[in-house]
Ligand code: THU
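Below, in structure tokens: the form predicted alone, a single chain.
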Amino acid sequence: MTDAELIEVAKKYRERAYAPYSKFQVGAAVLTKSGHVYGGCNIENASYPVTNCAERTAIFKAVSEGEREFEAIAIVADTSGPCAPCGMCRQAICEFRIGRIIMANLKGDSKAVSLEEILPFAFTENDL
């Protein structure tokens, strides 16, 4: 699957976002090493800490279906530049060693980065 195709899946999931408070809709799609794609959207809550980001929704869906190895993740939002994952999502991406992070927006801008670029000095099981 190409980066552009993964971004298109993330865009479709963005449309499903539940964002009544921030109005900031985000979509994500993860590609597993087995070739499956799982999508997710952000799901807000009046108690903000209970909110779940699109990236973690997609990752958790894949993991709940038995996936543990990933190729890439695409993230899309209506931002001025490519949408970067928050710190909490970066840590979730790190946990599953997703090595290719594709950040995009609705205008067609995109940038692919590595896990090491987006989360230097990551906290891993080696730090426990």
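The numbering used is simple: start at 1 and walk along the sequence shown. No experiment lies behind these values; they were computed from the predicted model shown.
This next part talks about the form predicted in complex with ligand THU, which is not shown.
A residue is said to contact a partner when one of its heavy atoms sits within 4.5 Å of a partner heavy atom; residue 94 fails this definition for ligand THU in the model of the complex, lying far away. Ligand THU in the model of the complex comes within 4.5 Å of no heavy atom belonging to residue 67. For residue 37, no non-hydrogen atom is located within 4.5 Å of ligand THU in the model of the complex, even though that partner is not displayed. Contact check for residue 59: every heavy atom lies farther than 4.5 Å from ligand THU in the model of the complex. Note that among 82-90, 29-37, 59-67, 97-105, the stretch whose heavy atoms approach ligand THU to within 4.5 Å in the model of the complex is 82-90. Residues 42, 44, 51, 53, 54, 55 are the members of 32-62 with a non-hydrogen atom no more than 4.5 angstroms from ligand THU in the model of the complex.
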